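This document starts with one chain, in the form predicted alone, laid out as structure tokens.
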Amino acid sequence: MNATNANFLTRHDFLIRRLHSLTGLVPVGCYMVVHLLVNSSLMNGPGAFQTNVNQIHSLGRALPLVEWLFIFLPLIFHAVIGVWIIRSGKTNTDQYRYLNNWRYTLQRWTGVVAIIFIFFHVFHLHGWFHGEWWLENVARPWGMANFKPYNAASTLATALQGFLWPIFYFVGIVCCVFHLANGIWTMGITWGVWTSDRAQKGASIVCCIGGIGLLIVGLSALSAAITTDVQQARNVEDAMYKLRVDTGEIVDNPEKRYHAPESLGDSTEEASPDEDVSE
């Protein structure tokens, strides 16, 4: 970081840290909670999960704009400033092994892990960018961009197959949840919401309970994705897709659907009209 940038950050230290704290809760933290809750709907079956994904993609052409304005740009800002704070801060856990000092250190290290996790998570499922040249020549040759919105549960389950991906997502979810829960507690101190020892202890308990609850939601979603029957989920998804296209609820978009490799033939047989897809 050059001297000009360092001087700018130093001169506006108070404002930048407040914006960093705020974006960690709104919109980044709020989005993470919604994201985990949507994913956890997979516990109710692929139909329930697909319904939620369809609602998100009903934004159509406005979806990329919403993603960049309310998710990616605030997330990038929060991550960049977070790295600056880590580099400019100092820990004292070697001299003072108090709980709050360890929380200070863990907040920063889980932030680093969260950045790496989100970076590869987006690449793994969405390929970062949606341009066809990028997807065909960069993302997919590396085994990335695996998620298809109109075959949500089946492509998510396929992407998580193997031994390493579930571990990667487990570690990432744990770090993201801790970073948010502990960050809310820290934010309350930063903004003067709880300043007394009693208030901080009470807030710590609330944040801990909330963090445990959110972690259960996140890991339940991960477990549901890993144990999903891919072919059964695909049958439900294809039947739902046909029904919603026929009724005009969604516009036919093959690019958002799973297509079996030609050498393997078409394995996406549609469910029979009598099959229940309302779960």
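Residue indices: 1-based, along the sequence shown. Computed from a prediction, not measured in an experiment: that's the story for all the values here.
Below, we turn to the form predicted together with protoporphyrin IX containing FE (HEM), even though it does not appear here.
I need to confirm a contact call. Of 157, 85, 122, 174, which residue comes within 4.5 Å of protoporphyrin IX containing FE (HEM) in the predicted complex, counting heavy atoms only?
The option sitting close enough to the partner is 85.
Heavy atom within 4.5 Å of protoporphyrin IX containing FE (HEM) in the predicted complex - the one residue of 71, 79, 207, 139 that qualifies
It is 79 that has a heavy atom within 4.5 Å of the partner.
Looking at 28 to 36, 248 to 256, 53 to 61, 224 to 232, which stretch has residues with any non-hydrogen atom within 4.5 Å of protoporphyrin IX containing FE (HEM) in the predicted complex?
It is the stretch 28 to 36.
Would you check, heavy atoms only and a 4.5 Å threshold, whether residue 146 touches protoporphyrin IX containing FE (HEM) in the predicted complex?
Although protoporphyrin IX containing FE (HEM) is absent here, residue 146 would stay clear of it in the predicted complex, with no heavy atoms inside 4.5 Å.
In the predicted complex, residue 161 touching protoporphyrin IX containing FE (HEM) (heavy atom, 4.5 Å):
Result no; residue 161 lies far from protoporphyrin IX containing FE (HEM) in the predicted complex.
Report yes if any heavy atom of residue 126 sits within 4.5 Å of a heavy atom of protoporphyrin IX containing FE (HEM) in the predicted complex; otherwise report no.
No - in the predicted complex, heavy atoms of residue 126 and protoporphyrin IX containing FE (HEM) never come within 4.5 Å of each other.
Since only the chain is shown here, I'm wondering whether residue 195 would be in contact with protoporphyrin IX containing FE (HEM) in the predicted complex (any heavy atom pair within 4.5 Å).
No, residue 195 is distant from the partner.
Can you name the residues of 174 to 199 that have a non-hydrogen atom within 4.5 angstroms of protoporphyrin IX containing FE (HEM) in the predicted complex?
Residues within 4.5 Å: 176, 179, 180, 183, 184, 186, 187, 190.
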